[in-house]
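Single chain ahead, written as structure tokens, the form predicted on its own.
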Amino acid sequence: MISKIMAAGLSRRTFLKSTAITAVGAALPGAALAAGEPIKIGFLAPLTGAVAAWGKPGLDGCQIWAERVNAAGGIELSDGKHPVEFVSYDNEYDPAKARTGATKLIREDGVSFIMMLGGDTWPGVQPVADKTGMLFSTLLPSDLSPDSTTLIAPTEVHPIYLVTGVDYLADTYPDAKTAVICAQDDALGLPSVATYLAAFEARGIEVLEEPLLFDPATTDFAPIVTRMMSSNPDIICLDTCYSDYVHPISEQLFQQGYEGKLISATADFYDQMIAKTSKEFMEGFIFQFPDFDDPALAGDNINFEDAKGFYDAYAERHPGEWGAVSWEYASIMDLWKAAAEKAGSADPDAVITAMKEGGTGKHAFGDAKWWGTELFGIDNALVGDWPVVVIEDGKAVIKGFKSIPDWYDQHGDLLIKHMQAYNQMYDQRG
């Protein structure tokens, strides 16, 4: 974890410099494909460990995506059609292992594109990206900076989409006026805390005390829940906690008798949360990642092809394992495939040029624009609408789509203020 590296007295900038030395030997990508040769795509994410819930389900979704594409003939480049093949590497959410994995995927496996979760692992990979020019994707735009020219965030706009959940909560429950926030103290938790603070302030919701930041190694959440409930808040916000935290915190809230509103970035495997608490306790739980059998994803505004068919295939193959990222990496591949076919090439430079041409793109939840200079220093995040999801009668239900750019146009100054307070702006992270 970068937090552990920092604690050891090694800054992010020093870490980047030191890891660049070992990345020097990375071969440049872009070797021409033979006729009909598979296009290899790297999948560099945590497949084991505490963060595996945001890696492994995504790889499973990519395998379904590849089967669909290959059954339809593959990806058509200027020299003909090519099947697609994913090559995975488990980085265990460790920056050094992520660096090793990126180098292997490029030098030994010859991949044309690498998808990552990002976060704490990006500092390990950035020197490899800088040296090779390989195109990478992250689910976390907070990884972006003016220096990360070959890093794109084309699907998840974490943490900015969180403002849409708070807007829904404020509109639906106008009497809920106070909140407390807890999060793990890391590269996912901190920018998310800043975003929730901005969203609550924008809607006149008072945050009763400083956000409670806990060590990622925490396993006993009873004291944390007791402290949060001591101020009797109307809302408890679970920030972007990993599912290994969301589940025990929710269980503790249930056991300690919490009766207020709950909001969280995710509620992965929510059926397990219901089993550990009750259907009544989870009723109205607000989060941001839908099941893809939701009828709202059959609308003309949705660019993810046959969302329900994808969900059904996933649920049949991996019952009970659908989560926030099950569709996200596959959605990135929709954008990459369209760009590669437009360019007629899998070359990283050609693909990113084609992908960003015109300044707009086909995001899963509707047409969106490449955006981010003010917040990230570079327009490499594809930002548009995002769904608000609520658990009703034991099932996740989309309650609507809200525009992230519209919120930012009104309240961007608040987001920048809180990002700066937590040292999360792109020019502070070094």
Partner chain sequence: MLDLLAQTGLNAVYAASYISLVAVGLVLIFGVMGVINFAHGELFMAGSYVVVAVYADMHMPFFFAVVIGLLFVGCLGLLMERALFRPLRDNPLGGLVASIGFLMILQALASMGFGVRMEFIPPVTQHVIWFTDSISIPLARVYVIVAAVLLLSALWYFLKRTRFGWALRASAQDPQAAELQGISIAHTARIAMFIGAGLAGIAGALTAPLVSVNPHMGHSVIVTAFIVIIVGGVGSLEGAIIASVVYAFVHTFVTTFYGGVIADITGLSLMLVVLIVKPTGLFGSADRA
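Residue numbers count along the first chain shown, from 1. Only a predicted model underlies this, so the values are computations on that prediction, with no experimental measurement involved.
Omitted from view is the form predicted in complex with the partner chain, to which the following refers.
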(message) Residue-level question: is T219 within 4.5 Å of the partner chain in the predicted complex, judged on heavy atoms?
(response) yes
Residue-level question: is P57 within 4.5 Å of the partner chain in the predicted complex, judged on heavy atoms? yes
**Message:** Can you work out whether P123 and the partner chain are in contact in the predicted complex, taking contact to mean some heavy atom pair no more than 4.5 Å apart?
**Reply:** no
Would A298 show up as a contact with the partner chain in the predicted complex if we use heavy atoms at 4.5 Å?
-> no
Assert contact residue (the partner chain, in the predicted complex, non-hydrogen atom within 4.5 Å, options E283, D79, D147, D185) equals D185
The partner chain in the predicted complex has a heavy atom of only one listed residue within 4.5 Å, and of T178, T172, Q272, T360 that residue is Q272
Counting only non-hydrogen atoms, the one stretch of 377-385, 42-50, 392-400, 66-74 within 4.5 angstroms of the partner chain in the predicted complex is 42-50
Across 225-246, the residues having a non-hydrogen atom within 4.5 Å of the partner chain in the predicted complex turn out to be T226, R227, S230, S243, D244
